[in-house]
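Heads up, the chain below is alone and in the form predicted on its own; it's given as structure tokens.
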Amino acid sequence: MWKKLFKNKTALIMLIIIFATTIVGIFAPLFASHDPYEIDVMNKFAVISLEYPLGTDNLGRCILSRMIYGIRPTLFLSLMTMIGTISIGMVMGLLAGYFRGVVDEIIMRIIDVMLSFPSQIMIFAIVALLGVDVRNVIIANVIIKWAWYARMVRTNVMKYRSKNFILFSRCIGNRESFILFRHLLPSISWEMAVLATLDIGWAILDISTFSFLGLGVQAPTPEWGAMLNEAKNVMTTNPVQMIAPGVAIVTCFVSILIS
């Protein structure tokens, strides 16, 4: 696996970008030269310099420092969304694919109903119902998107449920829970890893989109989507304020998908 990784230079570069971004976000106080919340109106729209490598925004705050601190909510909230979505989807997919019959029919009909609605519109509807808050955005994403992953898991489980090692385990009297979590779950773990990776990328895009629309992370918390929302009114006078978080979102999203 490591040999294949080192041969694929593009994937290696993308992994380095993801790892470096995560480290910078975790240790943000060590890398940020200014307080991301410190307002200095007299110093607004400062040009790029050694003190302010990306300049300052419309309130005189260091854009680079806010970018660095913005890694935390963007990645952390995306990770929470991924864990919730994959967890529910995995449990439902395992139950439907292994037990079949009535259990499969009930779960699959629920999944069909969930997938029949446009996901983004449903997320907007749930957020409107629950209220404007980033936690509600995460809940809405989990409620709507678990069905897609459940269907993928079910397909993989059905592929393995008739294998000899599963049939043997059932013949010697192992419990269903043992077969599910000791045999089937490890067998589909690689597929789950791929799904989880893709989900983090799309979760980053979703969290940033809803923050940009004012439905997710609220100002003055530094978050890339929220920073885009703040920058849209000064896009012509101070383009760096919008370009920097925009490039960061695209770079992270592409890096995760390619890696």
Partner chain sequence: MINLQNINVSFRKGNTKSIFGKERQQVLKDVSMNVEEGDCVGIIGESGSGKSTLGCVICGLLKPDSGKVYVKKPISVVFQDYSTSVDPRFTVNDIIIESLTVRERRDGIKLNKDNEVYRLLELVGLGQEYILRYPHELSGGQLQRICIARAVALQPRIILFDEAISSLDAHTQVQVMDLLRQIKLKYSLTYVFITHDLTSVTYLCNKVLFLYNGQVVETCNIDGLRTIKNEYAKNLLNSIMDVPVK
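Numbering follows the first chain given and starts at 1. In this text the structure is predicted, and so the values were computed from the model without any measurement.
What comes next is about the form predicted together with its partner chain, which does not appear here.
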_Interface stretch in the model of the complex with its partner chain - options 179-187, 135-143, 81-89, 67-75, non-hydrogen atom within 4.5 Å_ = 179-187
*asked:* Whether K163 contacts its partner chain in the model of the complex should be assessed with a 4.5 Å heavy atom distance threshold; does it?
replied: yes
_Just checking whether T155 would be counted as a contact of its partner chain in the model of the complex - the rule being heavy atoms within 4.5 angstroms._
no
_C171, heavy atom within 4.5 angstroms of its partner chain in the model of the complex_ = yes
*asked:* Quick check on K159: any heavy atom within 4.5 Å of its partner chain in the model of the complex?
replied: no
